[in-house]
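Only one chain is shown below, in structure tokens, and it's the form predicted on its own.
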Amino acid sequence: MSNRGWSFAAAMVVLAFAWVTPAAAAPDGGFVEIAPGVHVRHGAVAGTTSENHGAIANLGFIVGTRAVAMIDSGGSVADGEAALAAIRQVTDKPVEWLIDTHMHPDHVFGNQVFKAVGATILGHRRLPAALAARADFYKQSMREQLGPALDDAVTVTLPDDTVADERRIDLGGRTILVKAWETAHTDNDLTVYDEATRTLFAGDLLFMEHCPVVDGSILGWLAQLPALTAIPAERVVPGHGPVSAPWPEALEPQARYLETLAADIRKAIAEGVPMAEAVPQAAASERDKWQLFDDYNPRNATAAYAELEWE
């Protein structure tokens, strides 16, 4: 096999395991109101365990005068049920929409909870195919991480409807803008923008504290940073990290990481350094700036090498 063929094959093996995360402590849970009618649950910067029920992603809900939209459903049925209970502590309005920001299990494994209460599940136009392709692997890996007590609850619930470009949703008295992006973190990323409060739910197009994860295209992600930055938000909810941060300043550390990773990999390729030697050194200057760096940066570097060597 040629060096390039080996590089691509190795990258695919790495990406297949890109969301099997290490064990860590449970988050403290609970939703906070970060803007009028906008509530967010902080997810632990950690891996999925039976103790934390997969509650490792930031989740949110937006309350209109008529209805509620939930953004992501959590990493397990238990996580989704806790989110629904939190909504019911705030309002009895129907949850008309569940918006999946992308395919990773920590964001969608509570989908069936919201499906059961009548929510329409909305995702990127590529989300159904992406979830279907990884469904068996995700179910197996999540059963292992969540443990026997939650084994029977592990399932994959596909979206009812999809977005190819943009869609505005009226919740009564407030409109949210759902936008589909080209391949970046994954090939099925969505953002949700609450126009009333200028709050952006970026999903995993924005990582803070948690090392970013490239499961799509580093070139695509870098290319779309200007368009992300141009969104006229005042605050952002990242997929991982604090519940809220100023926008667009919050994007700067991630942009620096992605640019550094790409520059280091390009330099290694130009110098003829093979993947196995390039990966451990790529973006080493960023190590102390991110949690879980050693869990995810090697995977990112492998994927970036396979992509960038064909520029």
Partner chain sequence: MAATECTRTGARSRTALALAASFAMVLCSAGPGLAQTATSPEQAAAEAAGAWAELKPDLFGDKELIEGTDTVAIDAPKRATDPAVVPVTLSFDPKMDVRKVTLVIDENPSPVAATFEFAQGADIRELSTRVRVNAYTDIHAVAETGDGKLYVTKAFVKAAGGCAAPAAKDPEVAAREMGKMKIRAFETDDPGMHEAQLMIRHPNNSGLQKDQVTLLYIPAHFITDLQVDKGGKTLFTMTGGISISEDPSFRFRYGASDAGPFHAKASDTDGKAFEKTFDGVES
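This structure is a prediction, so every number in the text was calculated from the model and none was measured. Numbering follows the first chain given and starts at 1.
Separately, the form predicted in complex with its partner chain exists; it is not shown, and the next lines address it.
Of the candidates Glu144, Glu209, Glu166, Glu195, Glu144 is the one whose heavy atoms come within 4.5 Å of its partner chain in the predicted complex; the others do not. Residue Val213 is the only one of Val178, Ile87, Val213, Ala78 with a heavy atom lying within 4.5 Å of its partner chain in the predicted complex. Across the options 35-43, 274-282, 244-252, 63-71, residues that bring heavy atoms within 4.5 Å of its partner chain in the predicted complex belong to 274-282. With a 4.5 Å cutoff on heavy atoms, Ala133 counts as touching its partner chain in the predicted complex. By the criterion of a heavy atom within 4.5 Å, Thr183 is counted among the residues contacting its partner chain in the predicted complex. Although the partner is absent here, Tyr296 lies within 4.5 Å of its partner chain in the predicted complex, judged by heavy atoms. Taking non-hydrogen atoms only, Ala55 never approaches its partner chain to within 4.5 angstroms in the predicted complex. Residues are counted as partner-facing when one of their heavy atoms sits within 4.5 Å of its partner chain in the predicted complex; in 226-246 only His240 qualifies.
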